[in-house]
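Only one chain is included here, represented as structure tokens and corresponding to the form predicted on its own.
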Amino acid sequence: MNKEVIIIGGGIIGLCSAYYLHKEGHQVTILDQSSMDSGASYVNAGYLSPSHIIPLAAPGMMKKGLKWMFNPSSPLFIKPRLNSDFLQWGWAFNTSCSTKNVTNGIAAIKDIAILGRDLYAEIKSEEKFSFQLEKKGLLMVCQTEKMLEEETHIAKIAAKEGLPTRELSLDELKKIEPNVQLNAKGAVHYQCDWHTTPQTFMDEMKTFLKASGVQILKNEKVVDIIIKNNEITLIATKNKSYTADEFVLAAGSWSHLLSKKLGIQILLEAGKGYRINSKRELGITIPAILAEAKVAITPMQGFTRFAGTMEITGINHTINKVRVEAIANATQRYYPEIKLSSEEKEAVACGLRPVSPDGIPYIGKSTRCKNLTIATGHAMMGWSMGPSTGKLVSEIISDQKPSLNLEPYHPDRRF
């Protein structure tokens, strides 16, 4: 049965949900509080990375976070706040930093990331999109023997999960990246990963959805949600009220604020990341993560992107120039000939990633609301998991058998 569906949030998760719901014949409306041309869906590193199988909440991460708290240029910065939502999230994050969470997370993250990666290719082929989709893999570039050992250990775990990897010496690294000087001990090459230019995909998807009859309403901030008998009966923005058969909450880092209006507790924190673009010819042809610095570098269409940091300081778009400099300085440590200019750094942008305490997204229906499907909390993997999440959302609403076991992603799970 075709349904009227309202999606709250027009980022990668919202657009992909709209795409698959439309394919199933549903009447879809997207509401977004922004102009839908910025944020995490536009400034990310563009990775489709099944290799990222280890969730953020892993053994030792809380200890690292406490240590890095006093370093303003650290890869992860968590600002303590006397706020009940943050304190609950922090406690749950600490609890989740366990071997058990990593074991449970590996399969859940790998499966949905592989599905998402493959669906990008399917969408491009089926809709004749032209967005960049390159299959060059991902390099984890290491400057120390210790880090190379750590990355090799993770690569062995990935290999056991069926993900093709190989360890590269510095000489081997230079052979596949001959046009740029590298200061490194070696690298791990994940051949399973692909990369894209996010802006191009987002623009093509919005154009396709509009042409297909999906209604996209920008600058429509949801201010109230009315629920009766365990169902949403109406949502209101500053401009209008809306009704529908089904609703999708895909509002990224703002999702937990809206869920409160429904009496649903989604533990979520905004993880700010930055990006710097350079339109110069730099010689980098393969995406790389600078392992010690946690900086991502991606050759995109017409420019190279430098992205990084996870800054958990609440919902804000304040640019911390110390962290911007950290990305630029790390780049030059690994690529001595690349010095990002003042103009490139001044044009920095940031985005907020919705981070669940265990590093696994929330996808599914809460028992507290029958006609709401939640899709958020993807942390650094939102871009990788966008199409797969959208497909799962459509399957839930269409009463179809899900492509994946949804239990690991249940929004009512406890930590």
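Start at 1 with the first residue shown and count on from there. Just so it is clear, the model here is predicted, and its values are computed rather than measured.
FYI, the form predicted together with a small molecule isn't displayed, but the following is about it.
Think of it this way: in the model of the complex, the small molecule has a heavy atom of just one of T373, S51, S356, N44 within 4.5 Å, and the residue is N44. Checked against the small molecule in the model of the complex, the candidates P361, P55, P387, G351 yield a single residue with a heavy atom inside 4.5 Å, and that residue is G351. Screening 218-226, 103-111, 337-345, 72-80 for residues having heavy atoms within 4.5 Å of the small molecule in the model of the complex returns a single hit, 218-226. In the model of the complex, every residue of the candidate spot (W254, L258 and A307) has a heavy atom lying within 4.5 Å of the small molecule. In the model of the complex, the small molecule sits within 4.5 Å of a heavy atom of I8. The small molecule in the model of the complex comes within 4.5 Å of no heavy atom belonging to A18. Heavy atoms of Y274 reach within 4.5 Å of the small molecule in the model of the complex, making it an interface residue. Although the partner is absent here, V28 sits far enough away that none of its heavy atoms falls within 4.5 Å of the small molecule in the model of the complex.
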